[in-house]
Every structure is written in structure tokens, then in C-alpha cells.
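Okay, so we've got a single protein chain in two different forms coming up as C-alpha cells, structure 1 first and structure 2 after it.
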Structure 1
Amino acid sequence: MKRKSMLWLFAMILVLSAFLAACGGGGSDDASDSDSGDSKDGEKATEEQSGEPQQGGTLTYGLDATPEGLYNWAFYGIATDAEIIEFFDEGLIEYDENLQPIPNLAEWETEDNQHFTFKFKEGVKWHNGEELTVNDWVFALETIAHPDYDGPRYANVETIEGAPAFRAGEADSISGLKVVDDYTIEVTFDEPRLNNLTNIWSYPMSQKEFEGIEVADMSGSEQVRTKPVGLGPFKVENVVPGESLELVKNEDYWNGEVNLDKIIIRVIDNTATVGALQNGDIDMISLQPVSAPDVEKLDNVEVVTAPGLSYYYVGFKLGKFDNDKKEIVEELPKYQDLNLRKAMAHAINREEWIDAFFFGYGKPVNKPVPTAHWIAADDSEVNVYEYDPEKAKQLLDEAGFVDTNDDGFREDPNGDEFVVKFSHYATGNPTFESRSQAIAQYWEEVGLKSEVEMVEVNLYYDMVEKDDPSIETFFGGWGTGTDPDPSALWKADQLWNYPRYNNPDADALLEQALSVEEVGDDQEKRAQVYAEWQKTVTEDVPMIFIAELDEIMGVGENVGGFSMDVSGYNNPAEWYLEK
């Protein structure tokens, strides 16, 4: 069976995008009456935006995915929940447009990158009226280090001196935390590292709010699910699980005036985005690339973009991981041949694929760090696998993958049938299966028979994480945080190293990049070590790096004060509605 032409697939995508736009459209070109400041007769406001912040009004913010409902930084697991938490809570540290840490709720100093002194701002109030103190931060750190903690943040605490002993039940407190007074705390790490500051968990929890609640019960409590409190510009007034949240202005916000009276967060179907923006049902939403071209056509909405810090990839399962031993305990043979992996990389026309599925809001990525990050190597410093099907065929021939029975597909070097099994997560998005089929067809173009398996998204990453035997090659995405250290995703002793990549030289480079002794405060030297690591990874091809995407926001013309860069969007306290 020969590979079908890609033309049918791209035609399908055009049909799907038209379908999505049609489902999301409707109504006239004029915005309807709403709480977002449009005129009651439905006509667009004709006044030019003054640019001066205006007070009052209710902004409606859309979500095209249902939140899980864990509204606390220590417990959330999906990006949708984090998108909500950002409105009502914040941490000790912020990051500038260069992804460098800057003080927010606290300042710090250190002379050796092991011993830090943090000084909290005084007079900052939680939404429950209690004053923020360093004890709230100690409470958060000890919650995360507690043996009954069921969230995913322990890696951000374990390098504090004494945290492992506390977690093991061998100590009643974390020895590396020394409270000097209500606003001053000394933190000692187990060793000096360049990322101790950017890695440490920097979000306090209200000790008063969680009083009497056992750590094992916190994630299911109303303090996390329906009545969360924070330190941010808005307070949670009401939660309708899976549907909406009502946030009201925090009159006691520590960081200046809050312009809006309310923010309503509404969950909408992802096929309804365009229509909801056009009709003024929502004022803002983070856009999927499939919707953005149609939103661009709307007169009453601006599409705002910024470089993203995430990338998509195709991973190879090269081994199995024992999470108790924290080591790769078995090597899986099917994709061990380096030429096979290189050939599969050369076979994918990433430019064509990105144009078809991301509508101009992405570009190929050639390394395990998005281009916008300061540690990203230049493409000239890494191995780049451009689309070259003839090169792919040559590499497969050299590796012994040849068609021995004239059926149009290659057998493995032993003459046995070889089928690439490719897994992709399934959601309500109809383009996901099409984009995975597209990748499989690129491989069939060079003679590798391929099968796609769509797996329900809530099961998918659990299967990938547990090295389910049905997962052989798989589609995934990673976001690179403001902390540039990628060890948690790549070192051989890390659970989130999903391909089970095992190269001691690569691990040594990651350790070198954090070494105060070897790198010191020379940021350029540190970036060069990370560039060498990226070169090593791209030589080994444990995954095929596919695409990096822009962050895209649809913002109504009545919304002022909004801005966005690589570090995210600005403080929602600065947003306002034109009246």
C-alpha cells in the first residue's frame, strides 16, 4: 500500500478550519450589548481609545478548555488552572522580558548561591484579611515536602537543606529554613547552584486558611476547589465547577489600583471562539492557531502574539524507567538505531506540516529549547534535520531497513515486518488525528509503514509516564520555564525524561551549567554549556523537534492596558475597559 498524497489531508484541514469558523461565527458585524462597555444599541463605540486607564466594569475572559479545578499553585496540574490562578494569586518572584528574576513580594540577597536571605514586603494582605508573613512561605514549603503531599512540586523544594529528611519523616521541620522575624527568612540549600533561586518554590500559602486541614486532604478541600484565597488583584467570589468563575476587585491589593470591578471567567466550546469574540460574549481569550486567522478578520478584536516558550516533538521510547530507583532499568531495542531515528527526522516536512496545522503561528524548532529563551543555541551550533526524503531513504538503506518483499514498505534488518506505531492524545479537537496522520504519512513516503493510535488525553500522559508497552513513538509538548535548567525533563534519573534518554555526557553538561565553581556568574559561559548540551542531544535524536508556537491572545477593542511578551502578559490590575 503506497502513501496517499498529502493534498487530501490539507484539503481536510481547510474543511475543518472552515467548520470551526462556521460553528464559532454568527451574529452581525456589530457587538451586542454586554457588561464589557459596548453601547446598548449594539453599534461599536466610535470614540478613540484614550490610553488612560478607566475605572470599573466587568471583563469577560474565555477559556476554551474545562479547568480541572485545582486553584492553588501548589496543587494545580494543568495549564488551564494556572491561567485562572494568575488572576488572584502571585508569588515572591516575577520575571522580566529577558526572563531574569525580579523582586515581587520579596527581595533577596546571597553571596554564594547557597545561603539566601529573603525580606518580605510588609503590609501585604491575603484575601481573608490576614497579613502575609514568612511563616506562610514556610507553611507552603513544608506542605510540599510533606510525605502526604499529592501534588507535583516537590522538585522545587527538595534542594533545600533538610527537605529530604522532613519528607522521610526523620525531622519535624526543614532545617534549611530559619525564620528571623515575620518578614525575614534565611534559606540554606544543600549545595551552591546557579538556579537555586529560580528553582525554589516561591508561592506562599495562607497558613490561617488551611488551619486544621491535613496535607493529604488539601487538594480536595474547598480552600483549593471552590474558595481559594490569594494575594493578587482579584478575589474569587464564586466558582461554578467546569463552567465559570466570578472574580471581584481586591480593594486591599498591595501593588496599586485595580481598574476593573470584576472578571467573569467563562468556559466555552473551542468551536465557539470566533463567534463569542465577534458578538462580545467574551472580551479576551487565549487563541488556538486554528481560530486565529478568523479572529484576525474581525473588526472588533485584536490578535496579540508573543514568542512562546514551548515546543512540540515526536519522542522515541528508548527504555523503561523505575521511579523508585530513579533510573532507567531497561533498554528497548526497536528504535535504538541512530540512523533510523535520523531518517524519521529527515522524512518530516515540518514547514508544510506547521503551515497546514498552525496557520502561520509557528515555525520549526531544531533543539530542546525554544528560540526565545536566552539559553537557546543558534541553529548553526546544533544538528539540524531538514526535510530531505532522499537522505532519509539513504540512511534507512545503510541501517538495513529495506523492502524485501516488494510491498512498498521496508522490513527491519532481520527481514521482519517493521511498523512504526505512533501515539497521539485525543481531545475534542478534530485536527489532532489529522496532524498525527500527516506525520505518519511522511514516514510512509520513505517506506516505513506507520500506524496511528489516538489515546484519550487523560490516559495518554499516564501511559507515556509509566512506559506502557503500547507507546513506542509518541507526540508531546513541553514548556520551558523561566528557570533555564532542563534537567527535570532530560536527565537519566528523572521521571519526566519520557524518551528515557540516557547519555552520561549530556547529564554532566547539565550539572556543569549549574556549577558555581565552573560557571560562576558568567551568563554567557553558562549559555555556551547549554549550547553544547543541545548539540549533544540533537546528535543523539532521542526525539524529533517539530515546532515552536507563538502565544496568541484575542483581545476585544474595548480592552485597554493589556500587553504581552515572552514572560507572559502584564498584571491584570492594569487592564481596563473603554467606556
Structure 2
Amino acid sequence: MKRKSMLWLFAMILVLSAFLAACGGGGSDDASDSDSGDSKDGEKATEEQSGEPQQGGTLTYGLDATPEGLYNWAFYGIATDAEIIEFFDEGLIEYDENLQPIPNLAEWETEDNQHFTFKFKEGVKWHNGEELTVNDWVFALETIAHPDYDGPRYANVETIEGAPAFRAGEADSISGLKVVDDYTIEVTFDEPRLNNLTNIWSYPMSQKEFEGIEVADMSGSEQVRTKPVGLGPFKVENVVPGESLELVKNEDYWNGEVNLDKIIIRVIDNTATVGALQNGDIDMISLQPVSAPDVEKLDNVEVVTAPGLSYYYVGFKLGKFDNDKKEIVEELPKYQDLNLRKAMAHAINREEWIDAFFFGYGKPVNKPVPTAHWIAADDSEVNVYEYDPEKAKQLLDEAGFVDTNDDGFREDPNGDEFVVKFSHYATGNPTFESRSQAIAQYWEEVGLKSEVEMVEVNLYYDMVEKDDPSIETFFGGWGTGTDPDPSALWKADQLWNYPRYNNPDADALLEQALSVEEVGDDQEKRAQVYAEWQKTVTEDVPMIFIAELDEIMGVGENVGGFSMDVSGYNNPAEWYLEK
């Protein structure tokens, strides 16, 4: 069983909240702990350590950020909470190592990508003893579509036929949901889409458990916060808010025997990670790259990695967006010169930078999709901007950026002073400043005067989103989910297209990739369209793609049965402790 089926939208929120968690937890943190997925990698999993799984034992799992305490898929906001829910609840659909949906609690059928029939497994029990039925799913969907719902998931329900009417209060139920029997349901979407299945909300909520609780009160209820129930291999026994959780084995787990008796989840400060692993205070923790080298030195802990689904970039503000009209209304002149952008891309030594700041737990990325994703184009299909300062200088010369007043820096083609302003978000983490400074230094080395501005993280994203004039080039990170559609980040009519990239050809390709008529179920063809789109984007350089990072886990030698790939780690039911 593989982790998660998050979508583009979540993924982005998660990346953002990961920044926030970083300052809350007070540490060095990046999108690296975004849970949006991981990928297959050559790294060893712990399975090979021994043969037979052993029964019993208590495993301590560390968290280096404080959970908000919203332990329900429909209400959680940050990655840390999701990491916890993962242990005790699961969804209808899972994803395999190629990020293709596979049945978990339910199977599905569809002819036209608009009408779906889901068949649930029988005899699956909630932790409270109730049996899982399709009504629990309908309940979850109606909760999310409810006008009082205060979580961020409505986009995953919106496409079901009748959901907007239900939300507006015009209907008592969602017309697109037709319950056939306790285990069968037909779902109709408002239109056929290739990603309807991956987009729909696939986590049921125990209707019985939430009986009598108004939707508006749910997020604050103990059913969400301290006594959540799920369908997963472990049950929540005890919660000390903001500090720790105690999970015990679910004897009635539907999908095989659970090996461990207990999992303790402990929040620790990230400065304590290495010490805690060394002393055996925790058996497992998701590591930040900065801690990984120290953990590798430990004898009793192994570092397991898998490619992640998030990447860092340096964006150029190319235009201004009008959120009311949903269109890019103005072109900003400063970075319009394609050769300038290309030169700035060639100037950056990404390998060196990743080694210095991520200790090698990552690699340069050359396209707007992480390599581990199935739609990712091969590097030979896109324009790659290798570190090549000479080329950068040559491109700048060609573009007319030359040093006319002998101050050591290039002036713009009009002979005016040219300063690249580079913005980066600031949290309590002092390395953010040095890593952005390092990028600016690469530009200075090819003769572009550069200055760094650190902006408080909340303000930063506000300014980037609102096209604040003080943002010229900016650092950012996106996490991608399993749904391959990158439209929300790239189309000219999208708010989150931060560079204000405006190429009708690229937009047309994105639309084509989703079109049922042209592409249909042919994944091969779809990947080709996306590859073409990726080539177009890399030719236009609206952003310099910097790095994709690994997911890293520190796992004690005594933990067995653990493995990890791009879709996440395996079912915790399979984990065990060696005695």
C-alpha cells in the first residue's frame, strides 16, 4: 500500500505550510518535508536486514515540526498532520510506484471518464467498530461541499455534478452521487476529464462518529483533534496536544496482520534529531538534508532516501496579473530579454549549490516536473542550462549587457546601471540568507550586479502573489502531486503562475494533454504532449529550475520491513522491530 493521493493544489499548500512549519518548529526547513510524495530509488530499504518479521514492540517515530492537531484528512492543513494521519487512516485509492492509481478500499470502473462506479470492499471496519459503507464516503463529500466547511478541500469535490448547487444551498444532496447499495456507488462528474479520478476526494469519514456534530464545529471537535478514528493499521490511543501521540495496533485491520504493538509519535526540536536517533529516543524520523550527514555517521541508524516530488526554482517576474479579470495585464520589461534569462541560468553552479546547502541530497532539475514523475520529459528532450559561465558571459555580451563604465559590472543595453534584485523568504533559518547570497554571487561572477532581499515568509508570498514591484527575481518551491496536470501553476489565467509566464502555445499544449478526444486513455501520448510542453517552457526560461530534493528518512537498525519509493513509504503494518 502506498501513501497518499494528493493533488496539485494540496501539494502547493503543503509546500507553503512546510515553510510555516519551519518557523514554528524554529528550524532549518524547506519544502523537503512536504509530504507530497517520494519516489523509487536505488537506496536500500531496511527489509534486507533480516528475514521474518517479528511481532510486538513499540516504535518511536519522530516529528521535527509541531502538528496543528487536525487529525482528519478533510480538515488537516499541514504536512506534519498528514504524516500522522497516515498511520491510522487510509483512502479508497492508492498509487503505485509509477504514480498510477490502484484500488485500495474500493475498485472503480468508467467508460467515459465522466461516470464512475465504485465498489467498496466488504467487512472493512472503522476503529469504532462500525463497518465502512459508501455512505461514509458520501458523508465526507457532503461535509466538504457544505457551506460551513472550513477546510481547504472543496476543489476536490467541486467537479462532482451538483456539488456547487449543494454548496449554494440549492440542493439537499449532491446529485452526482447515487448510492446503489452499501458497497456500490455511482459518481457523475460535471464533464469528462482525464484527471477526474485522481482529483476526486477519496477519503471516507465515519458518519457514525460525527453524528450530531455541525459541520462548522467539526474541525474543533475531539473526533478530529484528540479521538480520531480511521481505517488504518493503527488506532489513536492518546494525544498530548502539540507534543506526542500514542498509537496502538488495530487488531481488526482489513489488510493483513499488523506487526508492531505500538507507535509513539514524538515531536522533537530539529536540533535534537541526531542526538535522539543516536540515543535511541526515536527509531525513525523524516530527516532534513542538513541533519542527514550527521545521521549517516551513526552506527545504529540508516539513512534511506527516495526522490521527492518537489523542486526549487528562481522565478522572473515577467508581467502583472489582474486577479479580477484572470489575465496577465502588463508586461514588465526588466527581464524580457531571453538571452539575459538564459545567461543567468547558465551562471548558476547548481551541483555545487546543492552539495553545499543540501549536502548532496538532491540533484539539479531541468524542467518544471520532478524527474521521478511519469510525465517528466527526458533531459535530452528539453533545453538544459548547464553551469557554463563563459557561455553566460557570451550571451550577455550578445544581449548588449556590457560593462561600459568599468565598475566591474555590466550595464544594460542602454548603458544604464543594471542590478538584479533577488528576493528570498526569511524565517528563523539563517542558511536561507546564505543560500540566496550564493545564487546572487554566481550572477556577480558573470558581471551582473546583484542584491539579495530577505522578506518575512508570510509577507513574501503575499508580495509574490500580488506582483509587488519590489519582487523582481524570486526564490520559490513547488511540490507536485500525483496528478500530472500542471495547469494551475502555468497557465496564463492562473494566479499561481507567479512568473506571469504567458505563452499561448504552452497553454494550448496543457489543454491538449487533458482533452479526452485527443488523448483519451493513452498515457503514452499524454506524456508526449507534456514533454513537448516542458520543452517549450525550458526554451522560454520563465524560471531557472534549480533542484529537486530527496525524501530522507533516518531509520534505526532495529526497524525492519520498511521501504520507500516516490509514492511514499510502505504500509506501517509491515514494519517490525527486531528484538
Partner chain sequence: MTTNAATGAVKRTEKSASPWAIARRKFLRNKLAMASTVFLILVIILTLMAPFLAPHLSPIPDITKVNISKMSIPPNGDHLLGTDKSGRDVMTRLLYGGRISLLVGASATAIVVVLGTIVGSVAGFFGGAVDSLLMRFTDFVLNFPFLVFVIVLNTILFGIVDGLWVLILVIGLLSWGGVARIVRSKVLAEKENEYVLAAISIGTPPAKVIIKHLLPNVLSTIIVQSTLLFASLIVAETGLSYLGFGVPQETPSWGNMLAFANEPDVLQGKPWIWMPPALIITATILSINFIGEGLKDALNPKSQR
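Numbering for residues begins at 1 and runs along the sequence of structure 1. We call the rigid core whatever largest set of C-alpha positions still superposes within 1.5 Å between the two forms. No experiment lies behind these values; they were computed from the predicted model shown.
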With both forms of the chain shown on their own, indicate which is the form predicted on its own. 1
With the chain described as two rigid parts moving between the two structures, tell me whether S206 and P53 end up together. yes
How much does the smaller rigid part turn between the two structures, counted in whole degrees? 16
Superposed on the core, the Cα displacement of E532 between the two structures in Å comes to 3.7
